[in-house]
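Next up: the same protein chain in two forms, each one alone, written as structure tokens (structure 1, then structure 2).
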Structure 1
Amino acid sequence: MRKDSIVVLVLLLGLLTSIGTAAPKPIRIGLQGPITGAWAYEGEMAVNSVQIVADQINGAGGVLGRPIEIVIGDDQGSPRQGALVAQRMVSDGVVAVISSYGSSVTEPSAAIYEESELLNIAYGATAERLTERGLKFFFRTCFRDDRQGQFFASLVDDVLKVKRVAIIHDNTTFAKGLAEAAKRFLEKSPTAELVFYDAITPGEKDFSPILTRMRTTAPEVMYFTGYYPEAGLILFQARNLGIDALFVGGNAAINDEFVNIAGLDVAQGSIVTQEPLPTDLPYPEAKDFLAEYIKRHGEAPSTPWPVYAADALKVIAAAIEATGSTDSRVLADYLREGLKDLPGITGPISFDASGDRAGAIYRAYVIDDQGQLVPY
């Protein structure tokens, strides 16, 4: 090849790439999450997940022909920091924000986004009250706590096919909300009957009196909606009192520590209701996503939440593509009225009028003889 033709080629290439980057301005989308702090692990996985989806979209030509740029804001899992990040996102002029992981952080941030009329989609904030305030610009790709209660009721009716159910919570906001939801849906059940409903005090160790009273109601299933330290003790003490009811825990009740405290022999066979782990999502989008995630980071995300952040970006991108607009008012209206069953990583996505995700996708997992969670 001749020398001057190479020079021409290089010049041409340079011209082309400079046109390529200069012409379409990137669409900037915020990601507010706990990048540092106690939940830093969650924040890191959320960033990884969102980046994968952004790269996929950009690889396929972007949105409206423009690439997506992710602007990261670290709320440290703290409500105060969350408010600061939200203000920065607003003044930064992002188009929409994925925000955030915890309910208590999301609440003040969502209020600021609402005031500034900026679309924000939460990915881990499950408290019911967030969508009960009539916020116009707040949505979430994760499900509300009460949906888990509903899932438990259907598990009792359709899968376990048992009649007598006991529910115990621990008076914390989350556990009580979940227990009340489960109770509400069980009362509608044609076959199952709620025979026992009470609460324990977190931090205590002896639950024999309440369990002895529960035993007189002869439950076939006991559902504990609180956290794992008490869950392990309750199960262990129940077995000691001769209660052989199936133990079902909410999504905060069962993990390695639960197995450790109750002992593997006792814990084995217990069931947990929770969001599906990313590795158990059946959708083709999930399989592609997971393969890419493992390729980049060596292992799959270990909690359900990061993929909800990835789905939030898919939702925003789809809304911009469909409306041809980056105005949050147009986008929010579209999410409420127009978006139907967008194929997400966590399943089809639609929103109801309050901004909650329609439907509910929960899974029951059972503890196997190795102490691992396997799909029930």
Structure 2
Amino acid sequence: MRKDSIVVLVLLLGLLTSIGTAAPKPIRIGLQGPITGAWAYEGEMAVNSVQIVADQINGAGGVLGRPIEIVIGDDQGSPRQGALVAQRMVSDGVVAVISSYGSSVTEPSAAIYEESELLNIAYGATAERLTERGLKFFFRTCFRDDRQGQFFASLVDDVLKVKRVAIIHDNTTFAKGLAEAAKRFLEKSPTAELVFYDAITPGEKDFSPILTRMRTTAPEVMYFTGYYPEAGLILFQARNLGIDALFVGGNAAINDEFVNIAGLDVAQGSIVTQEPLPTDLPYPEAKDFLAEYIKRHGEAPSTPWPVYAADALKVIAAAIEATGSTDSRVLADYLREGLKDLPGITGPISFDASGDRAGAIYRAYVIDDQGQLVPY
């Protein structure tokens, strides 16, 4: 055999060997969230949480023998930027997206994913109308606002036993939806009266005009359904105006940053209505997850949302494994018809025909003298 022929043969054998031992192509799954901007604290915890689950899946052999790769898209907590991220996720060829924190951001993103027939699972978008439009590819691992609004009304009647209630929202899809749900159920209350109902503009710093008007109605409770950057300022300014009404926040209003903004002395005693904190979840999956999170980051997540993001990845991985497919049409059909009580970090996960998660669990927490949320 000629020398040059031997060289070619050796090269061909080497190429065939490398092909045979090449690493399997990863399954790329998007994570859309507020990595920067006013809600960056939530985005950071979501990234941390999803990466833990991705590492656990990959450590166990991946999905269909392929590793999971997380593709991060920063929507900055902005609806416009959310739409741009969604377009980028579609063009990047991810097989599904965990998207996003904030209903107003999720809404335009979900429309783009729907048009592109790309499975997307929200982890912090609770507005009722998101699943009332007949979307085929939209799901969520969190719960709807109407269930939280009903919980707040029950808290007012059965636990707080107060009569005069004020509600403030910020006109975002989520906050307005939760405020309307709470208002709807309060109007059925045999004892409570809604004495004030109005909205702020997100990003504002001076809330004294609306708080001064609210003060004239002498509320015993003020329920703010918006987000924590404004919540901390509203409470601080309310106390400076002599308003001593109990502050209750919706499930986006209170976290560690809220305490930092309002100050511990002011924040102490505030209540939040929300899904159970990660540290209060009784499931073995939750205990394993929290142990790993604390090992990596020194503390547990201070809100439920990042854990719902982690569960969204578990759902996507389970659907791909069960169906042997990464086709969003196949996966969406499976989530509605085949997935039953998947053991999640936040408990068993199933979806109804609308894409909403079955069931709902809410709790009230209060900020203690250490700035920690403890069961009320």
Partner chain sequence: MLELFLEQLVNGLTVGSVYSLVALGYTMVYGVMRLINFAHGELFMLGSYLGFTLLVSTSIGELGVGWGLIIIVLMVAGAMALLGILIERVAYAPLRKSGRLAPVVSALGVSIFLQNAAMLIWGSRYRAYPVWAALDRRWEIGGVHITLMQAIILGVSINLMLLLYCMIQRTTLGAAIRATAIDQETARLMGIDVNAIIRFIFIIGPALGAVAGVMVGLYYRQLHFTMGWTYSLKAFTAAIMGGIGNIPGAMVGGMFLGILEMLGAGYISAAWKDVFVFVILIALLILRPTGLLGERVAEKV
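Take the two forms, superpose them, and find the largest set of C-alpha atoms that agree within 1.5 Å; that set is the rigid core. Residue 1 is the first residue of structure 1, and the numbers go on in sequence order from there. Computed from a prediction, not measured in an experiment: that's the story for all the values here.
For the form predicted on its own, the corresponding chain is the one labelled structure 2.
Here the chain moves as two rigid blocks between the two structures; the smaller block's rotation against the larger, from C-alpha superpositions, is 35°. Per-residue C-alpha deviation between the two structures, core superposed: residue 251, 3.9 Å.
For residue 271, the CA shift between the two structures after superposing the rigid core equals 6.6 Å. Core-based superposition between the two structures puts the Cα shift at residue 199 at 11.7 Å.
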